[in-house]
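Form predicted alone, single chain, as structure tokens, below.
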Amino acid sequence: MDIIRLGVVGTGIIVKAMLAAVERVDGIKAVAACSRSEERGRGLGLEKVYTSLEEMLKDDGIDAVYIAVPNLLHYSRAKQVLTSGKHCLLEKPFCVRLDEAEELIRIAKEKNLLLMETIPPAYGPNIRYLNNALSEIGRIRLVMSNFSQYSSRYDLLKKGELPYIFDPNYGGGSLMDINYYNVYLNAFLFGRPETVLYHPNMMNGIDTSGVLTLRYPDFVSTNAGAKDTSGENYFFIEGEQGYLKVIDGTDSIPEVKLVTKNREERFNRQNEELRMDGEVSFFVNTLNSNDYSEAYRMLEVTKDAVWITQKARKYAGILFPGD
């Protein structure tokens, strides 16, 4: 394939970060934006602006579409993109329900399209090091994580407003936003747990923070996530022969520390400022190779992450439209 021509849906901060990554990676170019506001769409500085996704998908000059809209809209928008015959990059969290994720994956496979969840740590070298180093710490007994990042939108919530990030009608909340990174890393490293419990702090029907407990056959994993506090962010994996620690947040896995009875080392092979480049490069290389097997394998991790969050919401009584 020649240069991959990308359209983007949404105009938020994450879209601008994606566009910066696309600019840095060879083989792909952003050519169109879709926004309900033509003014905001033009603010992205791309060649073409659409206010209708249907119209953008009629454009034969677009090969793939990146979707970054409120969580509850991910499924419907991605389905439109895939059924139109275009490849799809779907911002995390992939979907809010497992059956939605499974349907999108089925459509992608039937149409031989590349479908990816964009979540930066999944495509960097540090997560591979972390996974490979599990064998060095022996039998795993405890996993503990925290990702707390005070949100300016929480102040709006306290004033009686309802930003979409905290709106259950848009699939918002701490679990589906900041704690999802912890969920994804558990799914990547360990798969589906046996049981899922979620104990949230609630406001106006949505979780602003909470603790997720995952029971695996041989260990327990506790994961805190908060948008109403700030704290020290980490991901600890403790085994009988040592431990692994992700230093700072699981949204990027910026550095990994390994400590065993015999040695200690720190590992980092990625540039934090370029953390989204890995997923864009993976997309370009996979599309050019015409071998989507690794991308489809990673979607199995995504399915496990979606399964976990759906179970957690059900346990906590957090309901979205359609539940």
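One rule holds for the numbers: they count along the sequence shown, beginning at 1. Everything quoted here is computed from the prediction, not taken from an experiment.
One more form of this protein should be noted, the form predicted together with a small molecule, which is absent from this view; the next part is about it.
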Can E91 be called a contact residue for the small molecule in the predicted bound form at 4.5 Å between heavy atoms? yes
R275, heavy atom within 4.5 angstroms of the small molecule in the predicted bound form: yes
is_contact(H74, the small molecule) in the predicted bound form, heavy atom dist at most 4.5 Å: yes
Is there any non-hydrogen atom of D228 lying within 4.5 Å of the small molecule in the predicted bound form? no
Suppose contact means a heavy atom within 4.5 Å; in the predicted bound form, does that hold for all of G12, R153 and Y181 with the small molecule? yes
Quick one: of Y234, Y129, Y123, Y164, which gets a non-hydrogen atom within 4.5 angstroms of the small molecule in the predicted bound form? Y164
Go through T118, S209, N186, S145 and name the one with a heavy atom inside 4.5 Å of the small molecule in the predicted bound form. T118
Going by heavy atoms within 4.5 Å, which of 256 to 264, 294 to 302, 280 to 288, 28 to 36 lines up against the small molecule in the predicted bound form? 28 to 36
